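One chain follows as structure tokens, the form predicted alone.
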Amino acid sequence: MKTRIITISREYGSGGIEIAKKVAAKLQLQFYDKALVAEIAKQTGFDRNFIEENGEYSPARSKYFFNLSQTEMASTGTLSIYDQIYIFQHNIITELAEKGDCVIVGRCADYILKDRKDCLHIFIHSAIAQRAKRITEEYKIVCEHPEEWLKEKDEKRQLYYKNYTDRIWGVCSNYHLTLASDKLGIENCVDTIVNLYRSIG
């Protein structure tokens, strides 16, 4: 079956979104990142910034506190906000995959589309020192200890991903290809994905 869809999961600060945008542009595919957030916001009524933070991250580094927030809502017979957002994300990502050829960034898309035969799943990672450099110099994020800040982001994303997929975020067996953007560079990562997509298309 022809490959139609690329999902790109990434460590924060690895350049994954930049890579995804460039891949989509070179292959002339629809690109879904902010547009996906906007659609989720439209359907849920939640604030876009809230969805950006809570559609990929646990509210705490602790599994106990994340599970506690879920349990408290379940005891009232109501889905937690995180469950509600995930359900909408799941449905929208599934619809986008049916709609046409595209690149989808994050939001457990690799898991949601795991049973499709027309997907290429990619994970972008980088050394934490390089990620810290990128978020301070390129993203202009101001924090006293950027590497610690990134470790917290990673832990929260790992918890969120584990909760909804029962898989470990970033493990190579979840993806067709993992790329170290700090070693390969952004453009080499883009070219590798584009060439692979075309060769198995």
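Just count from 1 along the sequence shown to find any residue number. Because the structure is a prediction, the values reported are computed rather than measured.
The discussion below concerns the form predicted together with another copy of the chain, not included here.
- Every member of the trio Thr3, Cys119 and Lys183 reaches another copy of the chain in the model of the complex with some non-hydrogen atom inside 4.5 Å.
- Contact with another copy of the chain in the model of the complex, judged by any heavy atom within 4.5 Å, is made by just one of Tyr175, Phe31, Trp149, Tyr160: Tyr175.
- Within this chain, Val23 is remote from the site of another copy of the chain in the model of the complex, having no heavy atom within 4.5 Å.
- Looking at Ile19, you'd find every heavy atom of it more than 4.5 angstroms from another copy of the chain in the model of the complex.
- Contact check for His90: no non-hydrogen atom falls within 4.5 Å of another copy of the chain in the model of the complex.
- Although the partner is absent here, Val142 lies well away from another copy of the chain in the model of the complex, with no heavy atom inside 4.5 Å.
- Proximity to another copy of the chain in the model of the complex, taken as heavy atoms within 4.5 Å, picks out 165-173 from the listed stretches 42-50, 23-31, 165-173, 133-141.
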